[in-house]
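Next up: a single chain in structure tokens, the form predicted alone.
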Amino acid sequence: MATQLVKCSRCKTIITIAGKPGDKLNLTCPQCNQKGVFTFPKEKIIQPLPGNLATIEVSNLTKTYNDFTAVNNISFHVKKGEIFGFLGPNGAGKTTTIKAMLDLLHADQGTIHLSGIDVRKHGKEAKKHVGYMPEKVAFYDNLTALQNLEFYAEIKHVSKEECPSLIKEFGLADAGKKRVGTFSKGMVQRLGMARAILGNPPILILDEPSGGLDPRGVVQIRDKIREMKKKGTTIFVSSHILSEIQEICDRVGIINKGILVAQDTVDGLRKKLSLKPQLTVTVDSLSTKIENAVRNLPGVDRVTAQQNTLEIICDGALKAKVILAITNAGGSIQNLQTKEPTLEEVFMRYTEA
């Protein structure tokens, strides 16, 4: 039995109803007596991947808090050795999804499998396969970095021998014997990443791993994520640094207002939105004839002229025709650059109100 929040089309009163997937209910608003019909969506079934390669499987996940639906019937999978970026505005449901994946909160409906283990039924066993870095990393302030890592190694039943080398790897060797309460945010963040990869877990779940880091620290975390991928680790990463996500992720999912509005490769999402690259062409002397020659090409969406430079939004395949049109119109090209649509543009389009 599932619950669903329904808003009256007339007076906007929200009521809670219950039913099974496929049930069709006749409703009457208790406030204004408006009548209507609601059909519960049929349950989506995710087919297993060939060779059981999906190490994270989330199906029909829903979580509500009183009258607020934080996550609304979302489904996705992450394959072995894949880096999956999870994006969304503040309050979109990212952290709720992650906590449900780790059985840190109980979802209203849906199933979650980590390495084939049902998290809701066997949470303790499933979490043995996971390294987790929360958005707000915390340690025991009165213990040193080494003591903290050794404590968590005991909890995870992994060897303490790797703790000193991890501290050194993440640039904390000089501070390894200092109490964590004296650490900067960036130092705590790096120690958090070291804790997450203790024991080389097959699944990493990282919530804002680059938060509070300087550029050197960001590069260090990014390189470590790529290294873990090469080892076959499955990585689920949520971040607000879209340039980082674009650079390291194989696929991304975008959640907005609790609904998973898109999931694909970055290139795939660009194509779905028909986003086109920008050509920036600098000529020796710009004339109206040159500008019109480019503007009149089929497939050119927009042309902006400034001094001796043209900014052209068009299909990438038109680059050769743009060059030819400029040359035939008497222009001599001094410089040409192509800028592909960024993940930021994709994100903004999918999360528009």
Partner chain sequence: MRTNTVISIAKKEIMDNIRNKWIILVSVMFALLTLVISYFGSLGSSGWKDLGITISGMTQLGSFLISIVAFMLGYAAIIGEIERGSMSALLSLSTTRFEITVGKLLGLGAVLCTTILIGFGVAGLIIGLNVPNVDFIEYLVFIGITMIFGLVFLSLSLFFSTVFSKRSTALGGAIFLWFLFNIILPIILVGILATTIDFSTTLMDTTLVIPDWYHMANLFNPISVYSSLITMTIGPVQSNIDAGLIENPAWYTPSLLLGVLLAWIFVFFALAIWRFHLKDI
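Residue numbers count along the first chain shown, from 1. Computed from a predicted structure; not experimentally measured.
From this point on, the text means the form predicted in complex with the partner chain, which you will not see here.
Although the partner is absent here, residue 248 sits far enough away that none of its heavy atoms falls within 4.5 Å of the partner chain in the predicted complex. Although the partner is absent here, residue 104 lies within 4.5 Å of the partner chain in the predicted complex, judged by heavy atoms. The partner chain in the predicted complex comes within 4.5 Å of a heavy atom belonging to residue 99. The partner chain in the predicted complex is not approached by residue 275, whose heavy atoms all lie more than 4.5 angstroms from it. If you check the partner chain in the predicted complex, you find a heavy atom from every one of 124, 127 and 195 within 4.5 Å. For the options 280, 115, 147, 109, the one in contact with the partner chain in the predicted complex, meaning a heavy atom within 4.5 Å, is 147. With the partner omitted here, the residue from 134, 211, 171, 202 that has a non-hydrogen atom within 4.5 angstroms of the partner chain in the predicted complex is 134. The stretch from 138-146, 256-264, 218-226, 162-170 that comes within 4.5 Å of the partner chain in the predicted complex, counting heavy atoms only, is 138-146. For the partner-free chain shown, 141, 142, 143, 144, 147, 151, 152, 154, 155, 156, 157 of 141-171 come within 4.5 angstroms of the partner chain in the predicted complex, judged by any non-hydrogen atom.
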